[in-house]
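Take a look at this one chain, the form predicted alone, written out in C-alpha cells.
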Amino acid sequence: MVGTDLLCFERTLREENMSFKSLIRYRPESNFYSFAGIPVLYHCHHFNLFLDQTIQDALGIEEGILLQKRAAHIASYRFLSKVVEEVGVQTPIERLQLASKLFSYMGHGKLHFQANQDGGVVRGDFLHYGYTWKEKYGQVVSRSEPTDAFGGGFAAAAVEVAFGLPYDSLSVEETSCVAQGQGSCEFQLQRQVPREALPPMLTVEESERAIQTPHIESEDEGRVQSMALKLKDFFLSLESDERGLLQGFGVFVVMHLAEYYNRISYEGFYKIVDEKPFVIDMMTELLRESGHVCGFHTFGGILLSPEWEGLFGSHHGDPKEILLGGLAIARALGIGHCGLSSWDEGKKMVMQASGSYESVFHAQVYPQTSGGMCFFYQGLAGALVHLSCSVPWKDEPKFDQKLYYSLFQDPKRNGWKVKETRCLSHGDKFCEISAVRE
C-alpha cells in the first residue's frame, strides 16, 4: 500500500511546483476563478450542507449520495488530472501527496491514503461536510447516513489519477463518518471495471463563451468592481489551518469545483422533475433556499466583520451600501459578474449578471429552458434584499439560526417575491433577477 502518512523519507515536491496560487486565475471580466483551467469558486458550509440535503431529500438518501459521489468523482478526476499535468509529478506517491495537499489547501480537511491501484482505505479528518454538519446540527439531531460524498469521490479520483487508471476504475463507500458519531471518516475503495467514460467538461474559457453581454449596466460599477478585486486578494490570501479547513467570518469556507455544484443541482433537478413533474416549484424553491441561506449567513458575516471595516470602512447599515457590498462579495467569491440594475429602496431591486457559474454551465450542457435556472443567484438576490432592509445592523447582530428564523418567520419582513426574469439558460443575453416587496 502507498500512504501519505508513511512517507518517512520526507520526499517533497519542488517548492515551485507546490505553489498552488500560481495555478489559480481570477478573470475580472467575468468574475470567475479557474484552477489549472478548471472552474472553481468559494462557497460556505451553510450552502454546501443545505444543497446536499436538498438533493438527498428529493431523490432519497441512497440515490442522492450516489449522485453526489459520482459528481464529485467526475469533477475531481478532471481537476486532479489537470493539476498533475501542470505540476508535472510522475510517481503515485507524489501524486497522492499532491492530492492530499490540494484537498487541505482548498479547505476540505485532510485525507490520508492507504491505497494502491487495487483499492484500499482512505481516512478523512476534519472533512468539511462531516465536520461542519456535526458543528451545525450535531447537538440537536442524529444522522444515520454519512455526509462526505464529495470527499469520497475526490479520494477515488485521487487514487485513479495517482496510478494512471481510467476514470471510474474504483468504487468508493464511506464506512464511517463523524456526522454519525464516529471519531473520523473512512472510505473503502475497490477496483471495478469502469462503467462509464469521463463526460466532457467545460474549461473556464469554454464556459465564458456562453456570455453574450460582457459589460452589463450596473450602478456604481467602478466602485463595486474595485471592492471585488480587493476582496478577491483577501480570499486568495486565506490559508487553511492545521485541520485543513478555511474558517472566517463565522463560517467555514471552501474553494470548490463548480462542476460538482452544477451536476448535483441540475441532474438532481431534472431527475426528480421527470419522475414527479408536480414538484417542480418545490424543488426550485429548495434549491433557491440554499443560496438564500448562504447569502444571509456568509454575506452578512462578511459585511459585519472587522476585515470588511478595515478594507472599506463601515456601511452603517445603509440599504444601498449593503446591496453594493453584497454584489462585490459575490464577484469576489467567483459567482459571476453581477451588478445592481435598479433600486427603489424597500420596494424593488433588480440585479443583472453577464452570467453566473450556474447559467454558463447550463446554457452549454442542457437544452434551452422556459425559465431561469440560476438557483443560487435567485436565492442570493432574496438574501441581499433582506440583509439591506430587515437586519438591525446598528445592533451588530449575530448571523445565526436564531436571527434567521426570527426574520423569515415574520411575514412583514419576509414579503419579497424573487423571480429570474432573464437567463442564459432561457436564451437571453444576460441573467436578471427582480425582487419586489409585496
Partner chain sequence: MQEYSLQELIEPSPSLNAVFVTAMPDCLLFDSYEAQPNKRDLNHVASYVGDLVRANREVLRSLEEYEEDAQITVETKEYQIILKELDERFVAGFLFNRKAPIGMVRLQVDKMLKVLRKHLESYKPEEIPRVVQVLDYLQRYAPDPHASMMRVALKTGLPLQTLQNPQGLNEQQLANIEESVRQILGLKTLHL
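Residue numbers count along the first chain shown, from 1. On a predicted model such as this, the values are computed, not experimentally measured, just so you know.
From this point on, the text means the form predicted in complex with the partner chain, which you will not see here.
- Annotated contact segment (heavy atom within 4.5 Å of the partner chain in the predicted complex): 283-291, selected among 283-291, 83-91, 325-333, 234-242.
- Candidate site formed by Phe47, Trp308 and Cys389: none of these residues places a non-hydrogen atom within 4.5 angstroms of the partner chain in the predicted complex.
- Although the partner is absent here, Thr54 lies within 4.5 Å of the partner chain in the predicted complex, judged by heavy atoms.
- Using a 4.5 angstroms limit between non-hydrogen atoms, Val140 touches the partner chain in the predicted complex.
- Although the partner is absent here, Leu67 sits far enough away that none of its heavy atoms falls within 4.5 Å of the partner chain in the predicted complex.
- Remark: Leu403 does not count among the residues lining the partner chain in the predicted complex, judged by a heavy atom distance of 4.5 Å or less.
- Val279 is the sole member of Val279, Ala210, Val365, Leu165 with a non-hydrogen atom within 4.5 Å of the partner chain in the predicted complex.
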